[in-house]
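Shown here is one chain on its own, the form predicted alone, set out as structure tokens.
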């Protein structure tokens, strides 16, 4: 491949990263806008402000690799290649949702793209990712699983049990902490001793990496190293990506009036918007133009309009099927 071809390929990858982040941003902003219509009868935990962690990390995976997510999983699902129509139909509780309209926003499952699960109970999903990765090794597969968790989940015992087992058995899993510094409304400094979150990996003789979670290319590079290590039999890695959620812990609104985080802090993080920052970088590098941005936005807006219409036109599940797929 010529240098020109390699450069063009790199530019295409960077444009895909930008497009994916902007898609997550616009979709979640539209969810927030429509939520007051009272047709989405489930809680929503938006990841606006955290798009680079999802997009950068998923860009390091193959389609047959899997991910496990938490209550804040829209961005992960979309970054992994999830179907927008299926996601929105699920949030609207419709039969064409990725879980048949039975799970809502916090339960996104789609095996076709490797979205193994998203589970709202804090840290309860961490061992699911370790178990899935252990199964890969058992069946001789070179797949990798990323487990996404927030900084609050590191305070649960099952997180540490999972880290220990993964380290002992060299399980091909990546523990990816999206550190937005808050567990609901309590800051990290009020919940944990002052030390880097990466230090937790030392207790399990596990390598770790800290990355700017608002830099999508840095996230991709760090995750690619961890994924390559896991795929080659080297075992797990702990990644800590510092980022920030802009909106309330749960819901479509802003909660800055509650006073649990200083406005100067909020403003500083908003000024470091991962989408706008990367878009400006691409413009400066000659990879993207303002006209190109507008075209991407128009493409996403058209996709969203079709997907929301599809979701709202989808029927509700038949009440007669209420006991289907229910264990015991």
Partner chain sequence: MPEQRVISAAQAIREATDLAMAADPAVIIMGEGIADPKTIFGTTDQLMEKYGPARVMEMSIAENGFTGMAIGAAMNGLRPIIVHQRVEFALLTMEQLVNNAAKMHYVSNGAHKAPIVVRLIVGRGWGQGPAHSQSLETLFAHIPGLKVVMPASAHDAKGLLLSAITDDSPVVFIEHRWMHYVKGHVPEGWAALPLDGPARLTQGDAVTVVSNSYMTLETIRAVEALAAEGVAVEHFDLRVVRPLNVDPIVESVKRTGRLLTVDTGFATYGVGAEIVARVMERCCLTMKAAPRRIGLPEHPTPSSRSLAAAFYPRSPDIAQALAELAGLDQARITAIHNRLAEEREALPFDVPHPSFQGPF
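Residue numbers count along the first chain shown, from 1. From a predicted model like this one, the values you see are computed outputs, not experimental measurements.
Same protein, other form: the form predicted in complex with its partner chain, not shown, and the subject of what follows.
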query	finding
Residue 258: touches its partner chain in the model of the complex, heavy atom cutoff 4.5 angstroms	yes
Contact test in the model of the complex: residue 303 vs its partner chain, heavy atoms, 4.5 Å	no
In the model of the complex, residue 218 touching its partner chain (heavy atom, 4.5 Å)	no
Contact test in the model of the complex: residue 265 vs its partner chain, heavy atoms, 4.5 Å	no
Options 132-140, 229-237, 77-85, 97-105; stretch whose heavy atom lies within 4.5 Å of its partner chain in the model of the complex	97-105
Candidate from 40, 27, 273, 60 lying within 4.5 Å of its partner chain in the model of the complex - any heavy atom	40
Its partner chain in the model of the complex - contacting residues of 179-195, heavy atom within 4.5 Å	183, 185, 186, 191
